[in-house]
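Next up is one chain by itself, shown in structure tokens, the form predicted on its own.
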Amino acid sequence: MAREIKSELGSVCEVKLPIGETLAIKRNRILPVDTAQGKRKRIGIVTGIHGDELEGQYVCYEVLRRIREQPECLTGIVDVYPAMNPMGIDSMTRGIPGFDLDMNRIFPGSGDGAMTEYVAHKIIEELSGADLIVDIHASNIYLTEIPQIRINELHSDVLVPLACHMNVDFVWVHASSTVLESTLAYSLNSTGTPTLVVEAGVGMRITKAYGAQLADGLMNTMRTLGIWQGAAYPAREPIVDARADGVVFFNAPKAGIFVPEAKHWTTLERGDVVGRIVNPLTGDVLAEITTPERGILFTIREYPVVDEGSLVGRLLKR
């Protein structure tokens, strides 16, 4: 007999706002009906911490769609949190509107603190103890990122093996000195809840191909964890880089309009042109940005207007 599943809609927290409305962070929990049969593995899919990052919205939809197509294959608990910063998403702003705060800079929060600290505290309380949390981000509106996972070297022994099931192209292991301790991922990882940070796509957009790639990776990871018994989605083998100097950053030497010349996620040789900064008023090329050595372009500027010092790309040394 086919296994039945149920959907439990609930709230992580609800806070009254001064304008007579309520801030509510929603959760959808999908699980088999026969919940009495022992402790089940649990995965949490988190997105929308930054209100201008929407790539994860499609991933949440796609994972739920696949589960509903094969409900008999679900053996664990899948928690979906599509909008951790609902006010930011509603107002199309990166942070929490009205507070001028980046939500991913206030964790772990405080149960006795201000509203934003209380919300952060309740999120940590909700997610703690899961077998895996996947925190999905996009880039901002200025840059587009190849699907990748970023990991603090302090937790790489646990997280890199999990990341290799996620069907991403690149796993970037950061030095601990470059990681902010006030992020959701750091707070959870440091207290024993494994958390992967995914970056993919561009701000305020949905890149359907990237969403499908990440959904494949999540189904594959859920199968590995014993949460899903459906068909396997073979994961691509990611490039794992933990070198302190493994990435070259390209910054604009002049203000102007950035015109890319290289294709995203392609191998460039030393001296290849990444892009040019031009002056549309005079027709002059103000600067030509070239690669100092061979590598793969995994970040490229999406928004063309640049100031001096603006990030226009990243190259993974090969």
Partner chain sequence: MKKNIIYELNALYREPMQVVGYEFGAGEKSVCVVGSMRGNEVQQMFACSRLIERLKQLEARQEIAAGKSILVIPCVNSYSMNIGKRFWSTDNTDINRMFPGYDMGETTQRIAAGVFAVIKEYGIGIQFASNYMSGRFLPHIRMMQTGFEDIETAKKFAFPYVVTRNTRPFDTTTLNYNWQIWETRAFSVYTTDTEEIDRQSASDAVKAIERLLNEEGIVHSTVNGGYHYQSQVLCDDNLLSVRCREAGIYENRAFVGEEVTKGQLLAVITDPYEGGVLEELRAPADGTVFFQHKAPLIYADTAAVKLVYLSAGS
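Numbering follows the first chain given and starts at 1. Here the structure is a predicted model, which means the values were calculated and not measured.
Keep in mind that the form predicted together with its partner chain is not shown, yet the notes after this line are about it.
So if I measure heavy atom distances to its partner chain in the predicted complex, which of the stretches 289 to 297, 60 to 68, 248 to 256, 25 to 33 falls within 4.5 Å?
Partner-contacting stretch among the options: 248 to 256.
4.5 Å heavy atom contact, residue 111 and its partner chain in the predicted complex:
Within the cut-off, so yes.
Interface membership of residue 216, its partner chain in the predicted complex, 4.5 Å heavy atom rule:
Taking the distances in the predicted complex, the answer for residue 216 is no, it never comes within 4.5 Å of its partner chain.
Does residue 100 make contact with its partner chain in the predicted complex, using a 4.5 Å heavy atom cut-off?
The answer is yes: residue 100 has a heavy atom within 4.5 Å of its partner chain.
Even though its partner chain is not shown here, does residue 212 get within 4.5 Å of it in the predicted complex, heavy atoms only?
Flag for residue 212 set to no.
Can you work out which of 87, 124, 80, 160 has a heavy atom no more than 4.5 Å from its partner chain in the predicted complex?
Here the answer is residue option 87.
State the residue from 117, 241, 153, 169 whose non-hydrogen atoms include one within 4.5 Å of its partner chain in the predicted complex.
For this set of options, the contacting one is 117.
Sequence-ordered list of residues in 225 to 241 near its partner chain in the predicted complex, where near means a heavy atom within 4.5 Å
Nothing in this stretch is in contact.
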